[in-house]
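A single chain comes next, written as structure tokens; it is the form predicted alone.
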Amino acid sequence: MSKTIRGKAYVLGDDIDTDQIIPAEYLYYSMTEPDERKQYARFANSGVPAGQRGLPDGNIPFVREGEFTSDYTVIVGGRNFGCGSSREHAPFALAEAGAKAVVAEFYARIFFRNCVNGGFLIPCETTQRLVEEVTTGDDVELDADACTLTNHTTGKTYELKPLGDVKPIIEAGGVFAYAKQAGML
């Protein structure tokens, strides 16, 4: 795991569910076949309703039409991020598109664990509401060790909650890599 992640922010609101992150109609693609897994990137966040995509105007696509890579590295969400089904495809799709981390007020726990266990994204929780502080396209830097998100566009730094017990799993690259490093496999 990189200790710091710097890139453009993509802002979403509250209750972003896994069906919005990757709609069920795209789940037939293989997560292991290279030609198919990139389709997850192409359709990442495609189910987020118009008006909520990249707040505040709500019409900024996460991945441009016909492309497979997002311009955005850090997703800033509100409350209850990743609610809905337990599909691991949701954090996988965001990671395939190029996202490295999600910063939200709180998560549906299964989404949080899918991020950690799969080694897909770093799921950080904020101590304040950032969806009204950060704008899509802002230059942000997440420091997982210092537990901060710095918005270089505005010059403000925000405190994040420590990763706690999941940090070694994230650093290892997922639960299987962690188990292997720890001699459990």
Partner chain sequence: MARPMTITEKILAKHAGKADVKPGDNVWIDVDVLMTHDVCGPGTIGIFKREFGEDAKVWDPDRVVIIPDHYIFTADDKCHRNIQILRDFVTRQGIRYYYDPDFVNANEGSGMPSPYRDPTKTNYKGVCHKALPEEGHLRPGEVLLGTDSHTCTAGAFGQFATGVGNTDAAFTLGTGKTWVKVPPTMKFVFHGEIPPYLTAKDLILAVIGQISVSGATYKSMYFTGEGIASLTLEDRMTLTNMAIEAGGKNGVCDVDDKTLNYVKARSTRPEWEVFTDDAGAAYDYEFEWDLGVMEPMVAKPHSPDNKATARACEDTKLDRAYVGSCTGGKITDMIMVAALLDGQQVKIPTFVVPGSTEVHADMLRMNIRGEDKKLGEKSIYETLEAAGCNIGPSSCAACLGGPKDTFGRLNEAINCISTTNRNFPGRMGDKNAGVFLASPLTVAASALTGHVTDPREFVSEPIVTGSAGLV
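Positions refer to the first chain, counted from 1. Please read these numbers as outputs of a predicted model, since none were measured by experiment.
Heads up, the form predicted in complex with the partner chain isn't pictured, but that's what we're talking about next.
Next item on the list: Name the stretch: of 59-67, 24-32, 127-135, 141-149, exactly one has residues whose heavy atoms fall within 4.5 Å of the partner chain in the predicted complex.
Entry: In the other structure, the partner sits against 24-32.
Note to self: So, Glu105 and the partner chain: in the predicted complex, are they within 4.5 Å at any heavy atom pair?
What the structure shows: So Glu105 does not count as contacting the partner chain.
Notebook entry, point to check: Heavy atom to heavy atom, is Lys8 within 4.5 Å of the partner chain in the predicted complex?
Noted result: Heavy-atom contact with the partner chain at 4.5 Å: absent for Lys8.
Item checked: Non-hydrogen atom contact Asn117 with the partner chain in the predicted complex at 4.5 angstroms -> Asn117 belongs to the contact set for the partner chain.
Next item on the list: Using a 4.5 Å heavy atom cut-off, state whether Pro49 contacts the partner chain in the predicted complex.
Entry: Yes, contact at 4.5 Å.
Checklist line | Ser86, Arg109 and Ala179 all contacting the partner chain in the predicted complex, non-hydrogen atom within 4.5 Å | finding: Yes: each residue has a heavy atom within 4.5 Å of the partner.
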